[in-house]
Every structure is written in structure tokens, then in C-alpha cells.
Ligand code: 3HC
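First, one chain by itself: the form predicted alone, in C-alpha cells.
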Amino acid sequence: MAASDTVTSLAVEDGIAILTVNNPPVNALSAALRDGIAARIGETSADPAVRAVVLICAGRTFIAGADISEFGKPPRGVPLAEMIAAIEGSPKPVVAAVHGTALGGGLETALGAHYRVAVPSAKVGLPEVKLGIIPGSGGTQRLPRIVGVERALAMITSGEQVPAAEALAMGLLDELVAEGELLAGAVAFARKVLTEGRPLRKVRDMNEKMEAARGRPEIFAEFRRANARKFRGFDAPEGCISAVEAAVNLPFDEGIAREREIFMPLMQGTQSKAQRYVFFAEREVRKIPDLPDSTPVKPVESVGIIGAGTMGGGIAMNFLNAGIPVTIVEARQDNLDRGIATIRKNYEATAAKGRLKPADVVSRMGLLTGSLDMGSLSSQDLVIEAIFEDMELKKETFAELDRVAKTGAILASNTSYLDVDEIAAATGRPESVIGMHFFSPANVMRLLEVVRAAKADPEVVATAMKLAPKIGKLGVLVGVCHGFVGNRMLAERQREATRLVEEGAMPWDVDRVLFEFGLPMGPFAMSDLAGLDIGWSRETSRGETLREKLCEMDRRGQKTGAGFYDYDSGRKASPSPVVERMVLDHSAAKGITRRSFDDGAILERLVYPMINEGAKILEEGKAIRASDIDMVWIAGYGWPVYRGGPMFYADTVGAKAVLAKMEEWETAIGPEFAPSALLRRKAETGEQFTGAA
């Protein structure tokens, strides 16, 4: 017997049916694939020549999940839950043979089999939570039955991928077989099942671990408490927890029904739309219309960094982590020693937490060389300047770098705001100059704004973009303008945060609204954390702004125990009566009659000007796509992924609503609120910025 369709094939060898899935590139569970598997299982069930079935996948992976392109569309084909039930209900043992990854619906499919084998390199997981949903085809009901409630909760709410050896230890897999011998190993296992007369092990009928958790609601209460900070704002993790609770407290079929009840509203909700949008936006950001994948790239086998301060040291760690030697140059020995010591301290702290081996600390530090001589940068493939944000100083540095760097080296500036074209003009090779704006702390933050200077060679730009993922960064290509994308939009928010406090809000009101919106912290808490005296000097301070007044009082943030907030010995913040009085006096001195703002009004004043500035950035071609702007804010500023980024958020509230407010503020406050032409056009036509909301 042999049968096939476009995505599945079936062959029987001495009583063992080999059901092969072949739906490139990742064997996603499309309607055609679900139909094919269900049909083949039906055929094997009816064929007396078949004694057992091996479900295996062609290509580089087992079923890696659902076909996301089908989300939100009218259903087609056999539902996944029905296909899995057909596998589980087979009268003949079904062995799932796993390589690559069995993720989401792929793992749910494997859990429908009676047994599971895998090669050691395989990984399994239920990552649906990362798309704002829960496993919707039995994953929340079957997984806790086989691995236990606590482990299932951790896997489902994190979306983590579990290595095969760990999956075997927890009982999720039944056997590991040798790499490259998956089919032979799976067939041998199936024969062993038959020879030993093993039963059809249906996961749905495993109740021992459910019984152990029944009557123990504290399991779920403690899990919620322990993860409250991590899950803040997200709907899907609570859905996952509730579904696993149903697995414990309800019969299997009722639990499946409850899982579906939880799944559908999440699937149709804004959070899941946002998280699916971000999933695709992160992949889209790598596509540069005028830089095809065939664009040549320069080898980067050694890196130089000018500046061993916080940014320079953090940038260095990214390359050291990737195994790329770094030479770091400073003007003074004490600054160089301090910078290198900080890098070592960071690595040792990571090793102390068990996230790095002591040998790795030694090897990474062994790749680092310190120098006081710019001539030490004569052989590096890439040199990154990470010095003080001063244009004249940067131009002097690049002019000197132009004299010492080898021909063909990429010269990059880590500037946050300054004109990269002007910096490039200080050299005789502007085609080799680019902006590489890392975000602080540079060894932690994922965003890298790659700033395309006007004369930069395509291969220089392509090299920077392709280097980004190698050092653990998300590279987003942006154009030259003050502040580029992220800081340009941030300036709009910062201006309005200050105005809101002058007009009637308190700093903690503004911070609370942004925190409740989903950001890690508000602008005033962030200023206290960074230090209010960055860039401030007593000699030039005029006492005109709240920040200047606070610094003059030596309220310089967390480090002094007081800033916009008061801090206790544990750096816990509380609203400050001193600051409240200062704010009231400040408003009075400026002749401002204070008024109250509700949370919605505060949020609009903070976010809508950002959206308008994002529209201007798109108009000017400083970002390729609205989704690129959103990835800047998600990866660099902590914008909540479940809100999809500022431009996606604009689509959820509607361009018409944003335009109306901008016009209102332009009339009442000033021309800085003038709506962009693109925002106006979107409002008039009803078009979206992203088309995904």
C-alpha cells in the first residue's frame, strides 16, 4: 500500500506505516496538511496490513507550528483538534518521530500520538503565548497530564523550547534515537511496542498527575504571584493558567471545551493581533528594498572601539560575546582601566548567577585589548566611536581615525542624535561611514539603529545590518535626522510630559499612566534612575526648569536618595511633598493656571504627538516602514509588545482620532502640534499605517 498527496505520503513496510509530512519550509499545519494527516490516519486504521504508524516529517524540522497566515480567516479543512483526536483514536499505535522543533500545533500533534521519540538535537514547546493566544488544540490539557502541572505552567506561559534530553527526563518523550537515524530508530521503537504488547497510551487518559494537583489551588495562586511582574499587562498568560486549571479540575472533554472558550476571544483580540503583527514586523525589518540579499558584505573579524565608558564597554561586550576580538582605546589610563574592570565585573556577575561559565569569562576577556594609542586601530575591520555627544569632538575623532584606519574599514559613530553626514564629511572616505546607535545598557538592550549616511556604500550598510543579529541585536535601518527614529519621537513625549506637569499633572501621575499603559517606567522615574545631573553643571544652571531646580537642591535622582521622587534605603520611590510644592510654585511663576487631567487625557498628550512625528518620519523617508518604527520602540524603549508599537497603536485608535487632537492642540497650544500630511491623509481616507490592527 502506498498513497500520497501534495503534503503527505504513506508507505507500509512489513506492517509499519510510514506517514511522511512534507510541507516546506517548516511543515506548518496548513489546511491541506491537516486534511492529509487525517486522511492517512483513516487509511492506516482501515488497512489490516498496518500494525503501527510512524509519523515523521521531511525537511529540516518536525511540524513547527500552525500556519499563521490562516489566523483570522474563515476556517478551512479538518480542524487541528479533530486531526489530533484522529491520531489519538487510532486503533494502532502511532509513534511521533521528532527532529528539529515540534512547536505549538506540532507538539500538540505529537501529544496526540501514543508514543514520541526524538533525536537529541530536537526541541519541543508551546510558544502560542508569544502570539497573544494559548494552545488551542489540547496543549493545555494534555501537557500537564504528561509532565505535571508546575512544569506545564512554566512551559506554556513562557513559550520556552525544551531540549530533547530534558523532555525525555520529564516524560514528554519516550526515547532518544541517534542523530541521522530517526526513521530507523522510530520504526525500531514501533516494533518494540508491538513485540512487548504495549498499550495505546492516550495522554488524555493520564490522570495521575491531575489527581496530585486537585484540591491544591495554591499551586496556581503561587504561580500567579511569582510571575505577576513578568506577565503584567498581557492577557494570554492568565488564559494559559486558567486553561491548565481546567485540566486539573474538569474531565478531559470539558477541559478541551474550556480551552476553546479561552482561546477564541484571545485570538480575536487586539493583543494577539499586535503580537502577531510584531512577529512578522521583526522579520520584515531585515528587508531593505534597494539592498538585496546578494549585496556583498565586508568581513568583520576584528573591532575597534573609541571610548571605554558605559556605552563603549557595553558595545565591546556584544562583540566579545560573539567571539570577535576588540581593541578599546581611551585617552587616559585610569578611564581605560575603569572601563575594562567594569566589563570584567559584568561578566563575573553573570557567571556568579550561573548564566556564564568561568571559562567563558576568561575567553571573552582574552579577546579584549586596551590601548591609549589611536594607532592601535590600524588593522580593525570595524571601528565604532562611542565618546561624548559633541559634534566638534566627534569630527576631530573621525578625522584622526581617517588617518589611522586601514583602507576599507567601516567607521561607525554611536551618536544618539547628531548628523552622521556631517561626521562623515570630516573624513576623506564618507562612503565608509555609518551610524550604529546602540541603546543603553548596550550589552543588554536589543535595538541597534543603523543610520544610513548619504554617501555610505551599499556594502557598508548591508554589513552593518547583517552583523546586527550576529551580536544579538535587532538592526533597524533609519535615515539621518536629529534623533533618528527613536529619540526623535521620544523628544515629543518628553516635551509633553514636562508641559503636563506644568499645566496640572504631577510627575507621578504621568509616570503611572505610562506604566499602566505597559511601559517599564515613565520619563520622570527614568530621569531619576539615569541621574538628573547628566549634562547639567552648577556654573551654567539658571534654575529655569524643574530639572535645574532639583539639581541645584542636590536632588539628582536615585543616587542621592531624592529627585522627582523621594527614595528610601532600598531605592523604593514615593511621591515627594517637596517636589509637589516646587511644581506648584513653578507653574505659578510661569503664570500657568493649573487644571486637572484624567488618565486618558495624559496618555493622549504623551502618545499622539509621537504618532504624528512617526508619520513625519515616514513622509521624509527616514524609516522604510511603519512597522520598522514600531520595532524601534519595542526593542529599544520597552513599548509593550501587546500594543504593537506607536504606529500600530495609531491604527487601533484611528488616525481620525489622532488628527482631531493634534488640530485641537495646534489651535490651543502651538504650531509644534501641526499634523503631518501623512496623518491627515490616513484620517481622510480611513487607511491604516500598518494595515494590521
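Numbering starts at 1 and follows the sequence shown. Keep in mind the model is a prediction, meaning the values are calculated, not measured.
Missing here is the form predicted together with ligand 3HC; even so, the following discussion is about that form.
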Worksheet item: Might residue 65 be said to contact ligand 3HC in the predicted complex, defining contact as any heavy atom within 4.5 Å?
Response: yes
Discussion item. Can you work out whether residue 446 and ligand 3HC are in contact in the predicted complex, taking contact to mean some heavy atom pair no more than 4.5 Å apart?
Written reply: no
Worksheet item: Should residue 69 be classed as touching ligand 3HC in the predicted complex when contacts are defined as heavy atoms within 4.5 Å?
Response: yes
Worksheet item: Closest heavy atom of residue 344 to ligand 3HC in the predicted complex, within 4.5 Å or not?
Response: no
Response to the item:
Among 192, 201, 495, 287, just one has a heavy atom within 4.5 Å of ligand 3HC in the predicted complex, namely 287
Fill in: Partner-contacting position among 105, 144, 313, 132 - heavy atom within 4.5 Å of ligand 3HC in the predicted complex
105
Worksheet item: Among 344-352, 272-280, 295-303, 369-377, which stretch sits within 4.5 Å of ligand 3HC in the predicted complex, heavy atoms only?
Response: 272-280
Discussion item. Is it true that 26, 127 and 137, all three, sit within 4.5 Å of ligand 3HC in the predicted complex, judged by heavy atoms?
Written reply: yes
